[in-house]
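Here you get one chain, nothing else, as structure tokens; it is the form predicted alone.
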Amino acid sequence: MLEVEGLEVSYRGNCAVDGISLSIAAGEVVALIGANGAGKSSVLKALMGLVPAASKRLDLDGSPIAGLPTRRRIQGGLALSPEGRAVFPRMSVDENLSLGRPGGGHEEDRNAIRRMFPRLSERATQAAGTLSGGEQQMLAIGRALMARPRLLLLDEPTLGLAPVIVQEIGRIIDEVRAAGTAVLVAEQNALAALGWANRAYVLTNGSVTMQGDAADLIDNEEVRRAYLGV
């Protein structure tokens, strides 16, 4: 579904992503793990066209998307739930959801999101800024899913959340995958991400330093020492 080769991102001459390559198959969950500042968010923003980037290849379903504006990439099947949730605090839950697929007439999509996130259904008219952190994260993911993506990008979805909510995020990812949507999740919480994923890439200082099946990386001594705290 997604093929990336030689992706580079720089800010004011400082390299944030140094020529990485990765791929994601249809219906697959892939984790991008690494410490804070490793370049994970820059990769996702580059895929969405939110930051300037260079690449040898950036294809979605075999079609090049490099140079396309973010709107066209969303129309092509990409959607991002950003780090920090970025909900619109004074707008209601339903209004935030509608921004994920503007134009109106998408009650069927909103109903599907409400079924996936019952708490959002209960708070449909509530201002997003009054939700808990976990509820705001669900809203951010739900808003991205309103675009009916074929590849969902999740940037630090567990950041600052209690363990019980982290488990709920895992349930959501499983449900999204079961529905046929591929997922690329960037996470500092390596244990959670590797538990969700089929495969993973380890990002260090903007470069991929390790990759493989998630189950194998969980058992890798270097990964366990550096990212799992064991």
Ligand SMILES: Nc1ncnc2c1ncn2[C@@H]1O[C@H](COP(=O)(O)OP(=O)(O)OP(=O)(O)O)[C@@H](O)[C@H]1O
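Just so it is clear, the structure is predicted and the values come from calculations on it, not from any experiment. All residue numbers are counted from 1 along the displayed sequence.
If you look for the form predicted in complex with the named molecule, you will not find it shown, but the lines that follow are about it.
K.L.:
So in the predicted complex, is the named molecule close enough to Ala162 to count as touching (4.5 Å, heavy atoms)?
P.N.:
Although the named molecule is absent here, Ala162 would stay clear of it in the predicted complex, with no heavy atoms inside 4.5 Å.
K.L.:
Any chance Asn198 has a heavy atom within 4.5 Å of the named molecule in the predicted complex?
P.N.:
No, Asn198 sits far enough from the named molecule in the predicted complex that none of its heavy atoms falls within 4.5 Å.
K.L.:
Is Leu191 one of the residues lying within 4.5 Å of the named molecule in the predicted complex, judged by heavy atom distances?
P.N.:
No, Leu191 sits far enough from the named molecule in the predicted complex that none of its heavy atoms falls within 4.5 Å.
K.L.:
With the cut-off set at 4.5 Å between non-hydrogen atoms, does Ser63 touch the named molecule in the predicted complex?
P.N.:
The answer is no: Ser63 has no heavy atom within 4.5 Å of the named molecule.
K.L.:
Among the candidate stretches 54-62, 32-40, 162-170, 176-184, which one is within 4.5 Å of the named molecule in the predicted complex when only heavy atoms are counted?
P.N.:
Selected range: 32-40.
K.L.:
Given that the named molecule is left out here, which of Ile24, Ala16, Ile218, Val208 has a heavy atom within 4.5 Å of it in the predicted complex?
P.N.:
Partner contact (heavy atom, 4.5 Å) among the options: Ala16.
K.L.:
Under a 4.5 angstroms heavy atom criterion, identify the one residue in Glu135, Asp94, Asp109, Glu83 near the named molecule in the predicted complex.
P.N.:
Partner contact (heavy atom, 4.5 Å) among the options: Glu83.
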